[in-house]
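In structure tokens, one chain follows: the form predicted on its own.
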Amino acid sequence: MLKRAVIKISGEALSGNGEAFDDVVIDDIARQLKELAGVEISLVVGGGNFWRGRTGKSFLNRARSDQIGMLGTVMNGLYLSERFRTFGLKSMVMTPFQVGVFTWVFSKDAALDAMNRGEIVINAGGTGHPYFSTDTIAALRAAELEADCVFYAKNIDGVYTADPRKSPEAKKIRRITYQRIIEECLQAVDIAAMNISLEAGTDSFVFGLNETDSIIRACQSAAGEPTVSGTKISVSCEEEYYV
């Protein structure tokens, strides 16, 4: 039974039709989170619908570019929180740095208290430092909050032996260890995130957000039999491929 989950949603997933926010997508996320009543949920949101630090303007140094991206995630967190309100979902936006009166500064105790009350904790602002991806903060928050699993909602539906867009012979993996992902530098999830989860002993699950009820089914898959075709990553397991 899944008790506590950290779910990472990319900023790109929130946008559509040339707009920063696609309310159809966001409303579907809210609906699924509401159906997961009883599971304590912490979201980590990216900022790629506004800015991606590593692909910023050439005149910007990487640190400044990443800082701009962090502020994009804060805007996403605030928008999600207000949109969730229309579904009767209470939420708290937490950041690793002070943002006036807009957000709460993250603390483990405050986050756990909110989740115990049934509120969704939305983590924005990344780690507060450059050179770290939102995958990394998802793994970090999952370790800190002692989550059962960290879920990565991606535009690719799992971990493959190679990039399936470039290698037609790439195989999709059903179960895999952190050690193999790290050793072979499989790029579905940030390697720094994999190292954190390996040390913490936290399971991970990578899945495609665009599948119907993908978040609900990913949570079911992580807790038992697969109901969505994602990839479960753990410290030790017998590796298995899709056929």
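Start at 1 and count along the sequence shown; that's the residue number. None of the values given here were measured: they were computed from a predicted structure.
Separately, the form predicted in complex with a small molecule exists; it is not shown, and the next lines address it.
Looking at the small molecule in the predicted complex, residues 65, 129 and 134 each place a heavy atom within 4.5 Å of it.
Put simply, residue 174 is far from the small molecule in the predicted complex: not one heavy atom of it is within 4.5 Å. A residue is said to contact a partner when one of its heavy atoms sits within 4.5 Å of a partner heavy atom; residue 12 meets this definition for the small molecule in the predicted complex.
Using a 4.5 angstroms limit between non-hydrogen atoms, residue 123 is distant from the small molecule in the predicted complex. Contact between residue 52 and the small molecule in the predicted complex is found at the 4.5 Å heavy atom cutoff.
Of the listed positions (215, 41, 70, 193), a single one reaches within 4.5 angstroms of the small molecule by any non-hydrogen atom in the predicted complex, namely 70. Looking at 44-52, 26-34, 200-208, 180-188, the stretch with residues near the small molecule in the predicted complex, meaning non-hydrogen atoms within 4.5 angstroms, turns out to be 44-52.
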